[in-house]
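Listed next as structure tokens is one chain, alone, in the form predicted alone.
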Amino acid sequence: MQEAKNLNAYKGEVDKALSNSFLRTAMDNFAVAYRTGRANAFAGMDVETLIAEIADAKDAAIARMDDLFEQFKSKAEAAGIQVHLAATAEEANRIIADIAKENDAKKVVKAKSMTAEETLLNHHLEAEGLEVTETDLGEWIIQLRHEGPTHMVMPAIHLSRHQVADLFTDVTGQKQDAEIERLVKVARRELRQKYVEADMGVSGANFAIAESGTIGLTTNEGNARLVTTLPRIHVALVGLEKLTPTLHDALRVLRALPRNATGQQITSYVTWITGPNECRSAPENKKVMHIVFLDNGRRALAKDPVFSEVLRCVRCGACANVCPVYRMVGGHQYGHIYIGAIGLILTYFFHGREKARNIVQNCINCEACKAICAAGIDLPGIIKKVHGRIQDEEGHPATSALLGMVLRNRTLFHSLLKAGRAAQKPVTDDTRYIRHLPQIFARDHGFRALPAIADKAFRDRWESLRRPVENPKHRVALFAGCVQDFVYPEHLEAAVDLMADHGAAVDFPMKQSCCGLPVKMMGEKEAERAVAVQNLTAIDPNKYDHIVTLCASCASHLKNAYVDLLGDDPQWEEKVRAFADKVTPFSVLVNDVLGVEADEFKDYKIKATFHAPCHLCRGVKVTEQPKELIRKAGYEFIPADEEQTCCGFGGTYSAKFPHISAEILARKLDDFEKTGADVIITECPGCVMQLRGGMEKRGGRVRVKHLAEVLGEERVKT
């Protein structure tokens, strides 16, 4: 749970997690195994269509939340269930405690329920004098350790079997072996009596089916069946977003949920409960059954046009499984009660901005969570919007407000970069790197060599580089982005030559500026919008066939974020959609449009591997064209195991969370070196900066190049 009062305190907690070597190894092993398991589980399925169907069905149910509740209530009460609606977490806890008192319950067993974690139900019941025992193995372990879950599906993934053995030794008073099967037997033996003695069982529910008043639960251990059948009282605590019209809607989610959560085709137990079952220890031999639906902000959220889609979440936890930051620090620092990308969002809505203000900044925006979400939620986009809303409510930090002010003024921004070129001379030693970081930055940012600003920006070279093309086949506007314009202009020069040689008339609109992604990362949404307007004013999409960028992050932001920012504005709607349609990543233009072929290049058979920039492979869904071009350029291509894993740059993220960035980078470089490649090729200048700087710092032999550099160097010019 988050208790840090400010960002510096939160970073201190993060650093403690980074120093936990077992946590690091456990998360790494799981992340690699999960990727293969999920792919196998979804093999042969049309995953995108399934996710779209789930999203549409969940949106329809969310819009009918109140109606579905009334329908469920009517059907459930007709079956003998008492149905409650709690406005707040505190009210839900009181209702459940009152049910226990009314039925003279003393002992409670629980099956895993994230909604009960949300309300802190255990604490409330224990304060009322009840004995509460978690029966899910992972939940029982963390209950004994007085911790919260570190994952929604695997709550004790951060612990080793030796730690669990020591814990069970303390609990049982007998030395326990660390062999996993024996530990499971110990837990089974200790918990079995709890089921028999319990007066009340508390469960959650994955589904609440309105047409029949049925709840559905998915588990792997079978404990939920014991919790819901053996005690004489059963209480289900269910979030209102679990309401769904029909069994068909639930079964559709069930096709994706276990596959996305753990790489299983289906969980071991799927249980449907319609009405109380027979129970010999209960009055009239019939179980007392209650269902408590929790609002806690859900009904208001369902009506929010910006944020309602977060209620689609099916609680699979996959957003944590693929998150590079979660992989580094674990769930206790990457969430509050709910963890992962969805946790960063739900913390704000369910537990308030005080708990969310720090963790919501710890998103690297790699979009891995969005790409894997079983309900198609734009998780990184919503995280940034929550961050922006918190800053609007509390005030914008001076650093982000200053960045926003600078980027709003293109002339000021470019003047500062040019001034930096002169100011850097004492710390570059006439190299392309900043060799002597100021002491204030050296400790945190010394994990990579930072590039120097180029002697002459691309925009200042443009007139001498412009190539006239007679009878052009394509009209191209070149969007440079900040890094290539001022740090790596050679990338752009190589691209201009290649495009011109293939019949593309290239133009460089001089009033273009930063794409705006840095201010989005800082939560400065007004500045982000202002920068978008600058670039739309500078580049008329009607004059060009393609707006080409060599920066994957720029491509994704220009193509996706601009429509989100301005697509509903009558002044800009038509132009921004035309603009977005024309945005084309460099590799797509070269491979698919210009039709570059292998016979244009040398054939050295140098070993090369590829780093897929996050915003290329996920933001604009380009995966194969860069690799095709690497092969055409005469390289022997060797795939890396973690080709699509984030490099840890994230623009301003690596400046704000340098220690996490450094750890992600180190693992990425290790993975590349394992391939035996001589060169790492990528299609994003930010990734070049991160990977090249990291390799330079560690003294590695592997070179790092942008795809445009490679094509320019290896081309046989006639």
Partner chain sequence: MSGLEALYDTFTQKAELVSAVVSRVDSPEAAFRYAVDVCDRKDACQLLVSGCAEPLSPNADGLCEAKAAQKVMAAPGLPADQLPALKALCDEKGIALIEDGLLDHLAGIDIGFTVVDFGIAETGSLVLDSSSEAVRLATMISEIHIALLPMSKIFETAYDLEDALQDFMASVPNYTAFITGASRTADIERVLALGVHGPLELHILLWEDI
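Residue numbers count along the first chain shown, from 1. Since this is a predicted model, take the numbers as computed values, not measurements.
There is another form of this protein, the form predicted together with the partner chain, and it is not shown here; the text below is about that form.
Colleague: Let me know the one among Val533, Val593, Ile141, Val83 whose heavy atoms come within 4.5 Å of the partner chain in the model of the complex, would you?
Modeller: Selected residue: Ile141.
Colleague: Within 4.5 Å, heavy atoms only, which of Thr172, Thr88, Ser74, Thr623 is in contact with the partner chain in the model of the complex?
Modeller: For this set of options, the contacting one is Thr172.
Colleague: Taking Glu470, Gln512 and Glu526 as a possible spot, do all three reach the partner chain in the model of the complex with a heavy atom inside 4.5 Å?
Modeller: Answer is no for this spot.
Colleague: Please identify, from 534 to 542, 243 to 251, 563 to 571, 397 to 405, the stretch that has a heavy atom within 4.5 Å of the partner chain in the model of the complex.
Modeller: Among the listed stretches, the partner-contacting one is 243 to 251.
Colleague: May I ask you to check whether Tyr195 falls inside a 4.5 Å heavy atom distance of the partner chain in the model of the complex?
Modeller: Taking the distances in the model of the complex, the answer for Tyr195 is yes, it comes within 4.5 Å of the partner chain.
Colleague: Does Pro155 make contact with the partner chain in the model of the complex, using a 4.5 Å heavy atom cut-off?
Modeller: Yes, Pro155 sits close enough to the partner chain in the model of the complex that at least one of its heavy atoms falls within 4.5 Å.
Colleague: Mark Phe30 yes when one of its heavy atoms lies within 4.5 Å of a heavy atom of the partner chain in the model of the complex, and no otherwise.
Modeller: So Phe30 counts as contacting the partner chain.
Colleague: Using 4.5 Å between non-hydrogen atoms, is Glu118 touching the partner chain in the model of the complex?
Modeller: Glu118 lies outside the contact set for the partner chain.
Colleague: Of 242 to 271, which residues get within 4.5 Å of the partner chain in the model of the complex if you count heavy atoms?
Modeller: Leu247, His248, Leu251, Arg252, Leu254, Arg255, Arg259, Gln264, Gln265, Ile266, Thr267, Ser268, Tyr269, Val270, Thr271 sit within 4.5 Å of the partner.
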